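The chain below stands alone and is given as structure tokens, in the form predicted alone.
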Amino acid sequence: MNTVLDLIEAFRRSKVMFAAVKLGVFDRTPITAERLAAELPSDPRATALLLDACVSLQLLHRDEDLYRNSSDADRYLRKNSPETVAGYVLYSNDVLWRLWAHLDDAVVEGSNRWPQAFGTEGPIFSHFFKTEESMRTFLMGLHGLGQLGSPAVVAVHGLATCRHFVDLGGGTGHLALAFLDRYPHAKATVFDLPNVIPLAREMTRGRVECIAGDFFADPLPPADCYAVSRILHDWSEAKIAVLLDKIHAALPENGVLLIGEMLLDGDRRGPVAAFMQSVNMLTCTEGRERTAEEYEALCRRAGFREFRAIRTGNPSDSMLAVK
């Protein structure tokens, strides 16, 4: 029964954090509830309720009337923190929350909920990139997650012989930067859609070459190491096959493909986070999360001769395929 009760109220805890981030609570501390209500402006009683709820969740500490960030909130929820995931919280609140509201319909119909939640058709990323603000919120959300997971995705495989690392759909360049931090002798490139490139250049600050293109439609920049992180889970097996064939053809002999995704257990009983992400893919893409064995089958079908998968204990596990 405790599990059932916990799940009934789980969304309440998430929504308290979402609302606090959206209102900028963690960017204004230390502060009293009265002062925060005046600054926002907001209802004083409701503001105190939200702050006390954050205390109960250990996101804030209260010393008499003064509220201060916990160490986790200061590190991950303050928008100007170098490790912030506030962008992903905002994306979860403004986009995923609305898609997940129609999960039952997604299960019945077997398709994403963009038309139902937002009235949009076409590629899912047309919503994210509809405005500069929505694109930046989405990409900075992924940047926050990437900073947590990308170093481990790179570190668990020996890539010292790679001379040119090209991150396909690399967004803000967090994976390319993690690669350069570990292998500063090499060259790294982000290859992403044209409207992503200005933000990629801003975030990588000249350390990474940024090239505009569509990895399905355009030629890939030459490289001996390609990376796709949190990319393959967006697509069906048929589209993954097209992309893997293209990558395999572009690689030299002994070239490698680095894949970052959350892995399902082979017996499909966990981990919980990976299955929650897989259901998330149902609501917003045509893809899903997969087992290591499924990814290996896709890679070998494309012609890769070696494959290994390693759990990282971070938001993305790491796989390497060798041509």
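All residue numbers refer to positions in the sequence shown, first residue = 1. Owing to the predicted nature of the structure, the values given are computational and were not obtained by experimental measurement.
What comes next is about the form predicted in complex with a small molecule, which is not displayed.
Out of the listed residues 196, 247, 223, 177, 196 is the one that sits within 4.5 Å of the small molecule in the model of the complex by at least one heavy atom. Interface residue among 114, 100, 76, 138, judged by heavy atoms within 4.5 Å of the small molecule in the model of the complex: 138. Residues of just one listed stretch (249-257, 178-186, 68-76, 227-235) have heavy atoms within 4.5 Å of the small molecule in the model of the complex: 227-235. A residue is said to contact a partner when one of its heavy atoms sits within 4.5 Å of a partner heavy atom; residue 142 meets this definition for the small molecule in the model of the complex.
The small molecule is not shown here, and in the model of the complex it never comes within 4.5 Å of any heavy atom of residue 83. Using a 4.5 angstroms threshold between heavy atoms, residue 151 stays clear of the small molecule in the model of the complex. By the criterion of a heavy atom within 4.5 Å, residue 209 is excluded from the residues contacting the small molecule in the model of the complex.
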